[in-house]
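Below you will find one chain, with nothing else, as structure tokens; this is the form predicted alone, and questions on how it binds or moves follow later.
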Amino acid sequence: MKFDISKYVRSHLLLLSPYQSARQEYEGNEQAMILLDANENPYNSEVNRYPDPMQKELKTRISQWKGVDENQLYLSNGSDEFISQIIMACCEPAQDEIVILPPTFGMYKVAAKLHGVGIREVPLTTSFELDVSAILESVTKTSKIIFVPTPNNPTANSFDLNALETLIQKFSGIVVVDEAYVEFSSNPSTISWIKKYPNLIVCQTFSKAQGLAGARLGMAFAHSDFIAFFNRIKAPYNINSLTINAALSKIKQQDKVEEQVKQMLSERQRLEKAFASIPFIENCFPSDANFILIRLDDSNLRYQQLIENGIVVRNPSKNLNCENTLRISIGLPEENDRLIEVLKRLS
């Protein structure tokens, strides 16, 4: 069945003529070129020239790594940029809405508000699972995108893949599966699903397991028509040369990344065991990510006590069903030692 992208995106953007960057004007010419077209500084350095606007070399490497076609891959200045971009591209301001599943990643709501787009909230169950029936009963014809982060932030659990697939099958709009923490998860990625579900977009990032949070590089995997559309509306040089080079280098270091992930998962298990022996920690929720959500007697008190001892964690207690919780990232072994030591002597 032919994919009709016009069902999903704002109609006037389909008519947009993209900005043609200087680098694209001689694309495919193999001879050495004297570059006098882009008003750059001609004196060579690592970054005196504009980067490849389509990031061809990097996309080739990523597509080989992830097992997708290059035309199914889009790169963004961090996943935050793509979250904002897809809302802008698919939702009419003051008319359409996104659907979020609290407690969830806060950037979805922020981006929707920035673009004047409505927000429909359908809570997870009390055990932080997808309530597929409630989601499908709540959506309307103006519900354009459902954002599903798995593993979820801030709860750290992965969602049931059968429930997720049912949601994708039955929702008439776009489902964005945000896999920022997928390298830590016991669940496989859903990237392979884009072959059979054209309304699915999968996001991943270099910021977490890959260790390039400062470089700001997000990846989106989707039907090729979606990718072509996003390439038309993006900024000409949305990924800088330093980020491109850092990512190319990191892709070659996956053995090191896997070893670091293994170490963090071992440390996560050690922290979970330690938390079980601390009286004021009432619950340590199951984690499938590189962080742990715990429920305590008084999250504000414990947060401040940790700050006073030089340890910064996250207090997500304002999130739905997250009262008196702290979200704790997995640190280096010596940092985790210090955390355990401090928690054990707090009163």
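All values reported here derive from a predicted model rather than from experimental measurement. We number the residues from 1 along the sequence you see.
The form predicted together with a small molecule is left out here; the points below concern that form.
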{"query": "Proximity to the small molecule in the predicted complex (heavy atom, within 4.5 Å), stretch among 268 to 276, 116 to 124, 193 to 201, 77 to 85", "finding": "77 to 85"}
{"query": "Residue (of 223, 109, 234, 216) lying close to the small molecule in the predicted complex, criterion heavy atoms within 4.5 Å", "finding": "216"}
{"query": "Candidate from 143, 189, 153, 158 lying within 4.5 Å of the small molecule in the predicted complex - any heavy atom", "finding": "153"}
{"query": "The small molecule contact at residue 181 in the predicted complex, heavy atom, 4.5 Å", "finding": "yes"}
{"query": "Contact test in the predicted complex: residue 105 vs the small molecule, heavy atoms, 4.5 Å", "finding": "yes"}
{"query": "Any non-hydrogen atom of residue 185 within 4.5 angstroms of the small molecule in the predicted complex", "finding": "no"}
{"query": "Contact of residue 207 with the small molecule in the predicted complex (heavy atom, 4.5 Å)", "finding": "yes"}
